[in-house]
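For reference, the chain that follows is the form predicted alone, supplied as structure tokens.
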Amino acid sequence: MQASSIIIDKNRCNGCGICAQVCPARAFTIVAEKAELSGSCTLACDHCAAACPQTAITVEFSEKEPFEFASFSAKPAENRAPVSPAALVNMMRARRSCRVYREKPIEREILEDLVKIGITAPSGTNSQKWTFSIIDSRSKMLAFGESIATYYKKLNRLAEFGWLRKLLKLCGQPQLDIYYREYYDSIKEAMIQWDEEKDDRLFHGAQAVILVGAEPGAGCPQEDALLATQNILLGAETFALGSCLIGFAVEALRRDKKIKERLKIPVDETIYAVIALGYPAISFQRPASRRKVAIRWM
């Protein structure tokens, strides 16, 4: 997102210098006790206007998300959201990957609001080059799943050739051998269940999928997409939705360009996360546990 102009109201400005301190691009200086835009605004982060105690700075954008949500009402953000650490961590710990869903569609308004929750995340150089594609039809999800299944069937057939695995390993490419040892059997079983029993082992009966990606030009596109993904996962909790990251789908999209073509995703766009969503058919009785963390003090 680029700022079209930055306006400084000299009548309001008292020369406090906060804008100069907070601007990552060092675009402000104080001249005669008034702020002046002496440099180039390269990030359009809006920090200057947000931090100005006198509301003397206005940043105008050519395109700006109004953050008006369809499924709930949100008050204008304060300097610090009134959420306690306990409330935040309790919600984070309550979230688990869901693999059992009810046959209940998710309203489009909620899915759109989840994307808006996603873009409250930071992005490198404030590029905001993330992309969001939504599938909210079970028939289209199953067609997407069929494309992914086709990719893994081909991969399994390749992995069955022991000579090929050994040759690639000798050439410094052990990925197929690792795949064969760690995933071949489970993928083969899942493909049989997919074909013969129509058992959805990929999306687990979820009712919608959000694909999070990035356009070219971002400084750190993968990190940007995954930060937005985490926001969506936590946002889903507030709607009593279950969620699950589908890593196998991400890998298939990365390896098989035809899948992106079928989804009409631009060639130069990269998908970094696939989020399955739905209303859970079960309730967990305890929060998630984690292994003891080892902290390294430097």
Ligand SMILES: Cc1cc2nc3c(=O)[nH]c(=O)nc-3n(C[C@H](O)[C@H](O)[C@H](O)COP(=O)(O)O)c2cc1C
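Residue indices: 1-based, along the sequence shown. For clarity, every value in this text was computed on a predicted model and none was experimentally measured.
What comes next is about the form predicted in complex with this ligand, which does not appear here.
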(message) Residues I8, L37 and K64 are flagged as a possible site; in the predicted bound form, is every one of them within 4.5 Å of this ligand by some non-hydrogen atom?
(response) no
(message) I need the one stretch from 90 to 98, 110 to 118, 213 to 221, 171 to 179 whose residues put non-hydrogen atoms within 4.5 angstroms of this ligand in the predicted bound form.
(response) 90 to 98
(request) Would you please decide whether C244 lies within 4.5 angstroms of this ligand in the predicted bound form, comparing each non-hydrogen atom pair? (result) yes
(message) Since only the chain is shown here, I'm wondering whether F248 would be in contact with this ligand in the predicted bound form (any heavy atom pair within 4.5 Å).
(response) yes
(request) Would you check, heavy atoms only and a 4.5 Å threshold, whether R290 touches this ligand in the predicted bound form? (result) yes
(message) Taking this ligand as it sits in the predicted bound form, is R138 near enough to touch it, meaning that at least one heavy atom pair lies within 4.5 angstroms?
(response) no
(request) Sequence order please: the residues of 189 to 213 with a heavy atom within 4.5 Å of this ligand in the predicted bound form. (result) H204
